[in-house]
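There is one chain below, alone, in structure tokens, taken in the form predicted on its own.
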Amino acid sequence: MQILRFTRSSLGKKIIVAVTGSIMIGFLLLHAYGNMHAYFGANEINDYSTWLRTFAEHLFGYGGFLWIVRVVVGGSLIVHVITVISLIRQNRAARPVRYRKTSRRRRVIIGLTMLFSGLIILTFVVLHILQFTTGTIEPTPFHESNGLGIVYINLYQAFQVWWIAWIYIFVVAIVAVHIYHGAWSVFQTFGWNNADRNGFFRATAATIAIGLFLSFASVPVTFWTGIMPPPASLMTESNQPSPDATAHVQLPQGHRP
């Protein structure tokens, strides 16, 4: 009962938001690290994708650990959004009088912005999984081998389509803004902020947000601009595809000029 009362309190909800937000920030940092494997070639990113599914296979089975991570992060995202909505409603009910002070109005605006950006991010995550993980939606062809998506080719084809690349960049920008305010809120929730440390924590939040934006946005940018080589460049001298690549595929309509 005490736990239930705590989770219903304003402080409890703020802590839930902070903890779930921290889990997602940690996941994004690891995800950004994984994306960087693409810059070392198709072998690296495809092998990394396989490693994610074979990690701790003896304990959880093939892909088991990855699904545990997905459930934890996905659950955290859902709980995060629901708790933010509940917190906003609770704050409004506690202050029925219209906000007069600028600082209070600013907090309301930031709260609503975080809510709407969170909903956009949640929608994007679902579409991202359906496109690159399951291949359920195919704005570009989904290539797989032995039931596993061929990461490099799928990334290359998807980000040759300008509107897909720019949607990803736009959403990543929203994620960065959300993370900046979210990371700063985490420091406040846990009471770490004070006049002496505020500058450091704001700089830390900004560094995390900018770093994640650059790492995620650089992937569609480098594929779309042609900095990253096409899969055809991975063909061996015998004109046979290497283990991590397939034969050159036709680009869909709307690809980069």
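All figures in this text were calculated on a predicted structure; none of them were measured in a lab. Start at 1 with the first residue shown and count on from there.
Keep in mind that the form predicted together with a small molecule is missing from the display, and what follows is about it.
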So, in the predicted bound form, is residue 161 in contact with the small molecule at a 4.5 angstroms heavy atom limit? no
Does residue 125 reach the small molecule in the predicted bound form if we count a contact as any heavy atom within 4.5 Å? yes
Is there a heavy atom of residue 209 no more than 4.5 Å from a heavy atom of the small molecule in the predicted bound form? no
4.5 Å heavy atom contact, residue 155 to the small molecule in the predicted bound form: yes
Could you tell me which one of 222, 43, 35, 189 places a heavy atom within 4.5 Å of the small molecule in the predicted bound form? 35
Is every one of 9, 13 and 93 in contact with the small molecule in the predicted bound form, taking contact as a heavy atom within 4.5 Å? no
